[in-house]
Structures are given as structure tokens and as C-alpha cells.
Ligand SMILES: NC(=O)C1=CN([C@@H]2O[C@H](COP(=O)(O)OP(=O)(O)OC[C@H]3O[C@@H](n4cnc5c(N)ncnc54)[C@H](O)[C@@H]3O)[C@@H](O)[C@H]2O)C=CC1
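Have a look below at one chain only, the form predicted alone, in C-alpha cells format.
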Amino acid sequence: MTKTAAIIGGGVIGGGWAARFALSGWNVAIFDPDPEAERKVSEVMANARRSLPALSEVALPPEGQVKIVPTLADAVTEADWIQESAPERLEIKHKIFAEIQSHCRKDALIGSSTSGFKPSELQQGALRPGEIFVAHPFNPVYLLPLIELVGDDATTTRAQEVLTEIGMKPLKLRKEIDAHVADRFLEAVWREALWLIKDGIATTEEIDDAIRFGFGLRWGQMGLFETYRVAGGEAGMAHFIEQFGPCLQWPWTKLMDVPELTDDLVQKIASQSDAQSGAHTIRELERIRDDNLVSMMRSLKGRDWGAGALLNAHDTRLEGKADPDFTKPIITVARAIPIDWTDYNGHMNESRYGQLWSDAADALMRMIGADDAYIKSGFSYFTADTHTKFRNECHAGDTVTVVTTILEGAGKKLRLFHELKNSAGDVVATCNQFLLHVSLETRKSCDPAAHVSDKLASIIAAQAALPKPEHS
């Protein structure tokens, strides 16, 4: 039986909740008096449909029905989960909860997206206080999994089970506290950032760069304490605190109300860190950290954003612009195999061989003048056919090269033969690749521009004295 979620407030957060539930197979009813609510929610849904399924290697459940309803009662009467995402004004939330509880089922879960109010504040004057709890998400709700849960233990345990089923990471707080956990961190960073700007020390962009090129990447895959555990080296977390704890008393920040680092507190942190990460040695944690960072930054390279854009620019510098000596075999790729190219068998996944052939063809295209500017002018080469033969294995960290031979380059046809070689010079795999020159406007084949065909002919002539590869 399909479950139903009621979303009260269809703004950025409410729309994100609606998308998360709907794409998890729930029907969703949304109440929002804003006349633009339907448009706003539909736009959030479009973004979610584009991005959330990309996180999974399997199909998501059939999408639930999403509808805007005219009254709050219409939304909540049959709902299994009710999520309030109204403005952060306590009197508004009290009014909404009163109306919700006058119409909803007694077993319905009633969560609030509040980023600051405690459950006890939300429950004031409520008909059934224990039903109301904090379920604080992070934008975009349909992608970021963390939900902070605060409230009655039995209620939040039920909520925890539901959120886990729809792919989220519920964090159940032991005690209620203003702004919960995550927003207290964010508030501290935000306040310090405002001081840095006010005092003329850094701009908004410089502050963002400090996060996205530095500790933000570390936090994104290990959090705070595990990151510092690694920083403490083989001596562990207690050593890190002993080494860096005194700086908390130095006037580095505007936030000077810090707890005293008593022996009890140091031991508490160290023992919790042992329980969290003690199964791994520091060297193992370093390798895990490094592999995670490589994977994250390589992903950003594909989007040419943040640290990824920096890496792309560095690659361009390393690659250089000088033409190779075309009287010698053409090396189109020279690189190391990254960790995210390997699979459960411990070697490079077959799809990454295709990546190497594609990269080799792109490199040759640039050599003959079919570069980015040429593509922007409306022409390119499209791969029409490939045949790969596997002869050995590649592993993470292996240094490899692709040697490319032009077998045919007349008119619109371009036939290439690639040999993937390891550092010992052994052939790991080969590929016969056939490409056609096309117009990007008509999407049909056509002859290349004169400067491209001339360059291609000159390379073929320079290569004529070289022996043909054995398996071409």
C-alpha cells in the first residue's frame, strides 16, 4: 500500500521534502496558500528528478503522485507523515500544529523542519505533544541525507525507521538544545565569517575558497573528529588534543567561550574517537582519506567546479601546447589509474578502458586542429564503432600510456588503433576505433575543414615509415 506524506509549506525546504518522498514512492499532498506554490514545487521536482536517481545504481520506486490541495485538512487527514516547513515564527507553527492535530490520524508522524526551535517549544499548547518532533533537514532535502531528529523517544524511533527506508541518515539527538547540532556549527562559522568580512580580512569569495579548497573537502568525507584523529598521527586523538588544545585559549577567533580541557574531557573525546575509528590504523585512515579525497575532487573535475576547476587548469598547464614529434609513435594519453576507476575485482573496470580510448581520440583531435574552438564552430568527430581486446589488468596507481596509430584519415572517416601499455611496456589492451566527422548543426557526417584534413594528412605522412602495430 502506497504511503502518503503531507507537506505544509511548499517553499525551498517543503518542496525538497515533497521531492524526496515522491521519488521514494510516496504520494504527496502539499498545502501552501502561496498562489505560486504549484510552479515552485514543480521546478524543485524537476531538479530532483534530474539528480536524485543519479545517486543510485538501481531503479528508484515508481514516483508517487504529487498534488497541491486547497486546505490543510485535505493534506493531513490520511497522511502517514506530516512535515511542517512554515516560517520560523513560533506563533505560526503553534497555529499550524493545532490545526494539524484537529484533522490528522493519531498515529501520524508530525515533523517540523525548524532549524532552531526545540521540541518542547513546538509542543506548547498542543493537543497531543508527543506526536510533534523536530525533523531538521539540509537543503537540498532530496539530495542531502542528514535529518536531525529531536523529541519523544518512541516517536523519533518510528521516524528514524521511515527516514532510513527513504534513503536518509537520521541523527537522533540525546537532548534538545537550541539549533540542534549541525546549525550550531554553522552558526559559529557564520559568525566568524561575518567578523572576517567586517574587519576587512577576507572577502566572501576568499572565505568560500578556504572551505571548498581546504577543510570542507576533509569534512565532507571524514567529519571533524576523525579528521583530527588522523592529524594526531600514531599517538591518536589524546595526543592531538594535548598538542593543539592550548590554542583554544588564544585569541584566534571571536568565539572565546570554550570548555576547559580537563583530563575527564580529554579522555571522553579520546575514548569516543577510539570507538569511532579505532578499527583502523592511522596509515589505513590516511589511505581511506586520500582515496575519498581523490574521488571527490575527480568528481568536481567533471563539473569544472571548485577544486575540480583548479585541477583542470593544472592539467592544462602540465599537458603543454607543443606538437609531438610525429615521426615517432603518438602518445595520446599518459597518466596514472585513479582509485575510482577500479571495481570489486580490484582492477580497472572495463568502462574505464572506453574512457581511455575516448581521451586518446580527444587528444588526437586537438593535435589535428579539431579542438575546443573547432567544436564551438559547429564541427566535431563522433565515434561510430569500437572494438576492445583485453590482454592484462590495470590497477589503481599503475602508470599507463596509450599509443595511437592513424589507420585511415581520408575525407570524413577517421580510423584509429590504440594500444594501452603499462610502465613495463607490455600491452594491456587494444582498441580499433572508427570515427566520423559531423556537423553539430545537422548531426550528419561531412568533410572536415581544410586545416584539419591538411594537418591529418601531414601526420599520416610523417608516420608512414613506422611499422604498423601487430594487432591492428
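All figures in this text were calculated on a predicted structure; none of them were measured in a lab. Start at 1 with the first residue shown and count on from there.
Quick note: we don't show the form predicted in complex with the named molecule, though the next part is all about it.
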query: All of 9, 12 and 92 within 4.5 Å of the named molecule in the predicted bound form, heavy atom check; finding: yes
query: Residue 86, heavy atom within 4.5 angstroms of the named molecule in the predicted bound form; finding: yes
query: Contact flag, residue 119 vs the named molecule in the predicted bound form, heavy atom cut 4.5 Å; finding: no
query: Heavy atom of residue 34 within 4.5 Å of the named molecule in the predicted bound form; finding: yes
query: 4.5 Å heavy atom contact, residue 356 to the named molecule in the predicted bound form; finding: no
query: 277, 123, 332, 113 - the one with a heavy atom within 4.5 Å of the named molecule in the predicted bound form; finding: 113
query: Of 295, 377, 204, 139, the one that lies within 4.5 Å of the named molecule in the predicted bound form (heavy atoms); finding: 139
query: The named molecule in the predicted bound form: contacting segment from 46-54, 24-32, 432-440, 61-69, heavy atom within 4.5 Å; finding: 24-32
query: Cα-Cα shift for residue 214 and residue 283, closer or farther in the predicted bound form, minimum 3 Å; finding: farther
